[in-house]
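Taking the form predicted alone, here's one chain by itself in structure tokens.
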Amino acid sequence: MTRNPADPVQIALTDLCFAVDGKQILRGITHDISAKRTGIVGRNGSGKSTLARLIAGLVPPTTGTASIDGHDLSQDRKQALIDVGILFQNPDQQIIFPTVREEISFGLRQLGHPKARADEMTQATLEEFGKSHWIDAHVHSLSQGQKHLVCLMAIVAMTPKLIILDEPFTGLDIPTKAQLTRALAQYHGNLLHITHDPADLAGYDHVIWLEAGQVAQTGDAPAVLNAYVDAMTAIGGTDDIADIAS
């Protein structure tokens, strides 16, 4: 049966903790997420990307649980392939094949689709994005923004329940960011967007603000983002980067 990516998902985080070499990255995060468009905002080093990897099941938590529709994806990699797609900051670390056709088809083959069907689905995805002429393009000939779009199309083709966006706009110029934003706005499925920039979350439903590995505030996007901007502006008025840690 074909999955409908527009179906809502339930993400459950229960007393979620993660540590590396004794350093606590995330502390006791408990939160339920059901909004179609959820943002996770915070300063660099607040634990946002770590939380994304825990939700996707790429790494297991030190303690606690993270699940999507009741599945702990760190314990079930096959289910993780079905449930979640991730768009990382750097597409060059994500793309593994020389042509657009091969890159998009790979995930479909991993899901068990025969080659002919995977090729049909690849062409249909490119048509959906208005990029049919890219099908035999070599990835090395594409711009950074175009590579980002190839990664997004490869994920969308697999119709996961949830797409996690981990700082996808880092290093992009204004026109490329605008183009990718439009592509994401057309996607009808569930998005979890990790960012340090509140402007990236315009139009989102729900936001989680992380600070030093803990939840500082959650709720409707405008209220949380306004509080975040006020706090960051206040911090910017201090000289907290002048001190050298002992």
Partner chain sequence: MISLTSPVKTRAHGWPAGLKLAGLCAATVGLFFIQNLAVHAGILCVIVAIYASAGPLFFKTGLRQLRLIWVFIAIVAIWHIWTGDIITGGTVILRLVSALALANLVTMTTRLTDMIDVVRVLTAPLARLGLNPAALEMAIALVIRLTPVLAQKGGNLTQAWRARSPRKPTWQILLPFTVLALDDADHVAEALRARGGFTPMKED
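Keep in mind that what you see is a predicted model, and the values were worked out from it rather than measured. Numbering follows the first chain given and starts at 1.
One more form of this protein should be noted, the form predicted together with its partner chain, which is absent from this view; the next part is about it.
The contact residue chosen from W134, F169, F129, F106 relative to its partner chain in the model of the complex is F106, the criterion being a non-hydrogen atom within 4.5 angstroms. Here is the short version: of L142, L149, I86, M121, the single residue with a heavy atom within 4.5 Å of its partner chain in the model of the complex is I86.
In the model of the complex, its partner chain lies within 4.5 Å of some heavy atom of Q110. Interface residue remark: I96 is counted as part of the site for its partner chain in the model of the complex, having a heavy atom within 4.5 Å. By the criterion of a heavy atom within 4.5 Å, A185 is excluded from the residues contacting its partner chain in the model of the complex. Contact check for K78: a non-hydrogen atom falls within 4.5 Å of its partner chain in the model of the complex.
Comparing 213-221, 173-181, 23-31, 55-63 against its partner chain in the model of the complex, the single stretch with non-hydrogen atoms within 4.5 angstroms of it is 55-63. Using a 4.5 Å cut-off to its partner chain in the model of the complex, each of D92, A154 and M158 places a heavy atom inside that distance.
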